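Starting off, we have a lone chain in the form predicted on its own, written out as structure tokens.
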Amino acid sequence: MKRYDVLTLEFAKGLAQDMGKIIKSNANSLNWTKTKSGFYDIVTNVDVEVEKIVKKSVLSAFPDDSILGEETGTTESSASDRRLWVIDPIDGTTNFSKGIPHSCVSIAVVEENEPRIAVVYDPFMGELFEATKGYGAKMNGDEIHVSNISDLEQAVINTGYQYSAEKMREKVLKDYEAFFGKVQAIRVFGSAVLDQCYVAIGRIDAFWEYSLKPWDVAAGSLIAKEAGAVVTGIDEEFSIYSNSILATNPTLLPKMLKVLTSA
């Protein structure tokens, strides 16, 4: 691994863990919560404060890089556009705002629209997921790998609730209905980033969702890929700017796609 990648990864890991401490310590003492783009999409003061700290820290350490954050948009570098940090200060904000201990810090370093370094930290479980392109994925220093489930009937699959509910409700409900009776269970945990990490570590066997943003998929998709998952769009090629994502082990891929496309 290149020395610069090692330094970047270690910096991102330390930053994610530091931000995780702030998140956990403020979980039950929010100053405010408000909606953003719609009734279902919320933000808290902690989201905004953490993102500001992350941006300041990244730009101090890597002044030539640019940053894309969920809450404060893009901070462009005047010196270089070769690397973009894609940040979600709290993925799973609804869980966080309700005191449900299932959310995370997500940091990805993207080069030429491809995630190269990914760090996801869940402060409530104390789990640090990491990946560097071409070097596998780890959780708390141990290598991780997707499940080997090959039968759809034995699979536990996962999706997310749509903030664009009116627009996507019919599609999502059809997907749910299509999988009923064909899988062991369907789960909705409320953090797309952790869902992708859970595919990577084999806790769930497949994850799909629509209308996500780059900060929802940049880190998680790389961790899943490096753990052996196939990450694709449902009816398109996948990129961090795609309209859909499906992450699963290679054996389940055609079976998942068959159900989703037929729905």
Ligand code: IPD
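Residue positions are given as counts along the sequence shown, with the first one as 1. Bear in mind the structure is a predicted one, so any value in this text is a computation, not a measurement.
The same protein also exists as the form predicted in complex with D-MYO-inositol-1-phosphate; that form is not shown, yet it is the one meant from here on.
- The contact with D-MYO-inositol-1-phosphate in the predicted complex, taken as any heavy atom within 4.5 Å, belongs to 216 out of 226, 216, 65, 51.
- In the predicted complex, residue 90 approaches D-MYO-inositol-1-phosphate with a heavy atom inside 4.5 Å.
- When contacts are judged by a 4.5 Å heavy atom cut-off, residue 201 does not count as touching D-MYO-inositol-1-phosphate in the predicted complex.
- At a distance threshold of 4.5 angstroms between non-hydrogen atoms, residue 107 is out of contact with D-MYO-inositol-1-phosphate in the predicted complex.
- With a 4.5 Å cutoff on heavy atoms, residue 212 counts as touching D-MYO-inositol-1-phosphate in the predicted complex.
- You can rule out all but one of 137-145, 90-98, 170-178, 112-120: in the predicted complex, only 90-98 has residues with a heavy atom within 4.5 Å of D-MYO-inositol-1-phosphate.
- Candidate site formed by 70, 161 and 192: every one of these residues places a non-hydrogen atom within 4.5 angstroms of D-MYO-inositol-1-phosphate in the predicted complex.
- Contact residues in stretch 45-63 (any heavy atom within 4.5 Å of D-MYO-inositol-1-phosphate, taken in the predicted complex) are absent; none meets the cut-off.
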